[in-house]
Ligand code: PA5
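Consider the single chain below, provided in structure tokens and representing the form predicted alone.
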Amino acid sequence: MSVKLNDNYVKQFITDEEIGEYRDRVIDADRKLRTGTGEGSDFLGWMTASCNYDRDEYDRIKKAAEKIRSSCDVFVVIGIGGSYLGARAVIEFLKSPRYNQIKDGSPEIYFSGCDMSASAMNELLSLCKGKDVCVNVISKSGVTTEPSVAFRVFRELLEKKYGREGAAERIFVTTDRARGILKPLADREGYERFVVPDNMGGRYSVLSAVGLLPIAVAGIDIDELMSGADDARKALSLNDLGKNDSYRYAVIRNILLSKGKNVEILVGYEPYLQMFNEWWKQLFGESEGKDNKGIYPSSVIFSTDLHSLGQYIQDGQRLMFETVINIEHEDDDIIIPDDPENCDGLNFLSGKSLCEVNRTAMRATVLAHVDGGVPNIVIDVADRSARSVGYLIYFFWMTCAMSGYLLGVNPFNQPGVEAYKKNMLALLGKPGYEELAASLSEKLK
């Protein structure tokens, strides 16, 4: 098993009896998930994404990735939210946050369409100068403002550089199977097209073409990634809280929430977990944060953030708990050298490995925070491999689905994200929004 739950550090905050009280509710929620009778049942495709997928498209993804790897210096992935976070999280987890500086035989990969920053766009355009570029635009509807604007910019760049037909060889579209504006555009222009599945939301889509194409371009073995997720699918198929770690984690989260712990901090001890933390925050924030309910998802990278947020976590308001990702085995390590003068007084560390010191920092911090009244849940991940990451992704999906049902919300919709979009479109002058624009303008005076 690639991922295991260690709940030893929450036992002083909750009891086995409290966990057991959730048994019937878990069985009921599990039945809804397995039979598709709960809220959001149209979006359960992620549950079998690791085994029930289009094999022909999967093969095309691999071929397209090889084509991109061999034909460009820069690969630009255009998308927002779940359309880019999963792919970026996996690439940085398995490769490096410095992937573009240390890549070997792969193009540089940049992500665009996830903001409206002119400076960020200009910087990216400057990075593309004098280089061969390919683009993957990912959008179900094709009309989401941020990625649509970015695609306009890069489509123009490619058509000016390569001509319309040449650009068509370098543009890859991932969109709805039948609806939206990108499908007819791709069909007309001859762009290779992949499908955003109808039966899964963006935050549950990384194991579809949405995430797999960019991940494969980075040189990651997507077969192993999918196999790891399938391992989790099989292992997490029981509704027994003693055998299903994802369900037990979901129950623990809800019990802690009932005790006033309404902030969860995902803790990583490696910089390569930064974007995975961001993916996790979208998964839980968008799934649980509705109907005035939910645990607020936050994240830190220790030991860096121990020198900024550590004081608050240790001694601030007791409204939080931590979930720590512990990578049990690291291939990379470095031995701390000896200093004959011992000018820093650290020769007691001479000859120790940096991984050992980092793991000790984790253990020391967990103990300190628990003593300070902050429950800690530890997620042990076997290693930094594609198989383990695939397992971890599915583990969090199952936790989130169960936790949302236990909380009493639909974990598969996101009605709240439309509010800002409508306001922005109205203020930008989109036809049909005149009445809302007038109302908003009054509020802004």
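Throughout, we count residues from 1 along the sequence that is shown. All figures in this text were calculated on a predicted structure; none of them were measured in a lab.
The next section is about a form of this same protein that is not shown, the form predicted together with the ligand.
- By the criterion of a heavy atom within 4.5 Å, residue 167 is excluded from the residues contacting the ligand in the model of the complex.
- Although the partner is absent from this view, residue 80 contacts the ligand in the model of the complex, with a non-hydrogen atom inside 4.5 angstroms.
- Not displayed here, the ligand is approached by residue 203 to within 4.5 Å at the level of heavy atoms in the model of the complex.
- Mapping the unseen interface onto this chain, residue 139 counts among the residues with a heavy atom inside 4.5 Å of the ligand in the model of the complex.
- The listed set 322, 245, 286, 92 contains one residue whose heavy atoms approach the ligand in the model of the complex to within 4.5 Å, identified as 286.
- The contact residue chosen from 262, 227, 199, 144 relative to the ligand in the model of the complex is 144, the criterion being a non-hydrogen atom within 4.5 angstroms.
- Here the chain stands by itself, but in the model of the complex one stretch of 311 to 319, 120 to 128, 278 to 286, 336 to 344, 278 to 286, has heavy atoms within 4.5 Å of the ligand.
- Of all the residues from 360 to 390, none has a non-hydrogen atom no more than 4.5 Å from the ligand in the model of the complex.
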